[in-house]
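Shown next as structure tokens: one chain only, the form predicted on its own.
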């Protein structure tokens, strides 16, 4: 194998993405780890395999990447933006509370949101079974029964538990944005596309 004209015999050699790689005189395309956004529908689980439900990876068309995983899971009944990659360091920046990567959700509520509920969410709330408050959220009231909720953590069922903690609940939940990456409006539920270089670098 030749890399930028030089012969390489070590299979563990690190090769730059911009390098020209040739094997027996033919150019070889070196794939990176892969970065995708997917519009998750209801009833699909964020797992590599599941005995009962369709998974996000069942929606992929045999992409030629290894070790893809979900960077920020969504519940079975939650729709919206899911990021999928093979880059562990990148997904850690998405998911770890230490990096304060904002996740924006649209929540439809069965009961009207009150100003006091919004105040509590913005202060941080104590979730049942936990001993530390959530980080303060950002809340935008869209309608009496609809809010935009922005959080920087990813605790188990966090949005639903936060609404329960202030005396409300969630009828429908949709994630529209992670960091600066916005769900592509052209993607129908179940569809996906590769992230752009700007989207990848924004995390």
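Residue numbers count along the first chain shown, from 1. Everything quoted here is computed from the prediction, not taken from an experiment.
This protein has a second form, the form predicted in complex with uracil (URA), left out of what is shown; the following refers to that one.
- Note that among 89 to 97, 69 to 77, 127 to 135, 114 to 122, the stretch whose heavy atoms approach uracil (URA) to within 4.5 Å in the predicted bound form is 69 to 77.
- Proximity to uracil (URA) in the predicted bound form, defined as a heavy atom within 4.5 Å, singles out one entry of 147, 44, 159, 38, which is 159.
- Taking non-hydrogen atoms only, residue 56 never approaches uracil (URA) to within 4.5 angstroms in the predicted bound form.
- Residue 178 falls outside the set of residues with a heavy atom inside 4.5 Å of uracil (URA) in the predicted bound form.
- With contact defined as any non-hydrogen atom lying within 4.5 angstroms of uracil (URA) in the predicted bound form, 173 is the only contacting residue in 166 to 203.
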